[in-house]
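In structure tokens, the next block holds one chain alone, the form predicted alone.
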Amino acid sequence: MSLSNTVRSYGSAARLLHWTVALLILVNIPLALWAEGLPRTSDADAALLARVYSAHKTIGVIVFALALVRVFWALTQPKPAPIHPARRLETFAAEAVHWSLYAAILILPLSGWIGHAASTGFAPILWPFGQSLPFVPKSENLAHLAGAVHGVASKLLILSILLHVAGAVKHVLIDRDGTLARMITGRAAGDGRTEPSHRPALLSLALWGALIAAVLTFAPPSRNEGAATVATAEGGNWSVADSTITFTVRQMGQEVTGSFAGWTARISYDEGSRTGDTDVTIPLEGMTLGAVTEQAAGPEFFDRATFPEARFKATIADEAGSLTARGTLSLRGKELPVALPFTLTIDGDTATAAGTVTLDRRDFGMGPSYPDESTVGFAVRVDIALTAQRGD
């Protein structure tokens, strides 16, 4: 039994790669469809969903690795000639679908992996594979675009598979030739005469390229893309020029960091007495939390449809040599005392400040269906950094 192909048959290497990839794809497509329909209302639901998606992602990475080998092998091996070379249109279509499948089994898992690497948290790829990819930054917009490509590519993969299977069935039931047998048993069939043409491959690759370009050009923008914006409310003597507010929670054992797209702040501060006050309003519309933004925004957690903003009102004082903003945080219908210690450096008319506080999600009624930390941690670390300019 030869590993290599001939002009009349497929070798054992090509057949093993073909059927292994086919089996993994036929397992992975139902996994994705199952995950899409799973409930997302409880701790047990979230744990099952993460396990299913982890399996789906891991199988996808395996498919991508095998696809690289499969395509390399196909490009370096003789191509078994069509059994009916006189049927030019049929042969052209079969070759185009074949190359479309090659493109799909590369583009689909790669786009999924890029989307995973560009986002944070939820359903990690299983060992021994890593979560990141070289040259792929953490980017909500990149993850969104990769997801758009992944969604379209999945539908084209299914279409290509259906066309490929339909062609195989035709060869078995209507033509009654040895086309399928060449891939199942390696039996030789046909006379081996062929006129190699690159046009089907070029057509398939051109169509895939045009499709990806169209998706990247016309895909709806991520609802959370864009830099954070800060407005300065009237009444303070400092204007915020630049800022970030991030929050970090552990999900399925992995740290996930979220952010807010903007907020409004009024800051009054006197350098001499080291006292002041602040009033910060944070709209939740621009909140992101990696791959689980929609879940975090839903009724189980932030419930931003009902409670569209958070507010922190505090006085600033020097407490034993450390500046602290101590006040009330209003979030999700709850008002609780919060003390935010922070560092402050003033250089002329420019001030830079940074602070960290750890909250407990349960205090704000978040995640009642997640009673332990196996899926979502209790502690939420909030990090604030800002640069402000002295007002007139």
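For every residue, the number given is its place in the sequence shown, counted from 1. The term rigid core refers to the maximal set of C-alpha atoms that superpose within 1.5 Å between the two forms. None of the values given here were measured: they were computed from a predicted structure.
Although it is not shown, the form predicted in complex with a small molecule is what the next lines describe.
Novice: Spell it out for me: taking the small molecule in the predicted bound form, does every residue among 28, 33 and 125 have a heavy atom no farther than 4.5 Å from it?
Specialist: Looking in the predicted bound form, the three residues 28, 33 and 125 all sit within 4.5 Å of the small molecule (heavy atoms).
Novice: Can you work out which of 199, 155, 88, 274 has a heavy atom no more than 4.5 Å from the small molecule in the predicted bound form?
Specialist: Going through each option in turn, the one that passes is 155.
Novice: Which listed residue (284, 207, 161, 252) meets the criterion of a heavy atom within 4.5 Å of the small molecule in the predicted bound form?
Specialist: Checked against the cut-off, the match is 161.
Novice: Spot the stretch among 264-272, 298-306, 242-250, 172-180 with residues whose non-hydrogen atoms come within 4.5 Å of the small molecule in the predicted bound form.
Specialist: Comparing against the small molecule in the predicted bound form, the contact stretch is 172-180.
Novice: Residue-level question: is residue 61 within 4.5 Å of the small molecule in the predicted bound form, judged on heavy atoms?
Specialist: The answer is yes: residue 61 has a heavy atom within 4.5 Å of the small molecule.
Novice: Does residue 381 reach the small molecule in the predicted bound form if we count a contact as any heavy atom within 4.5 Å?
Specialist: Answer no; every heavy atom of residue 381 is more than 4.5 Å from the small molecule in the predicted bound form.
Novice: Is residue 190 one of the residues lying within 4.5 Å of the small molecule in the predicted bound form, judged by heavy atom distances?
Specialist: Although the small molecule is absent here, residue 190 would stay clear of it in the predicted bound form, with no heavy atoms inside 4.5 Å.
Novice: Report whether the minimum heavy atom distance between residue 317 and the small molecule in the predicted bound form is within 4.5 Å.
Specialist: Output for residue 317 is no: heavy atoms all beyond 4.5 Å of the small molecule.
Novice: Does residue 130 count as moved between this form and the one not shown, where moved means a C-alpha shift of 2 angstroms or more after fitting the rigid core?
Specialist: The answer is yes; the displacement is at least 2 Å.
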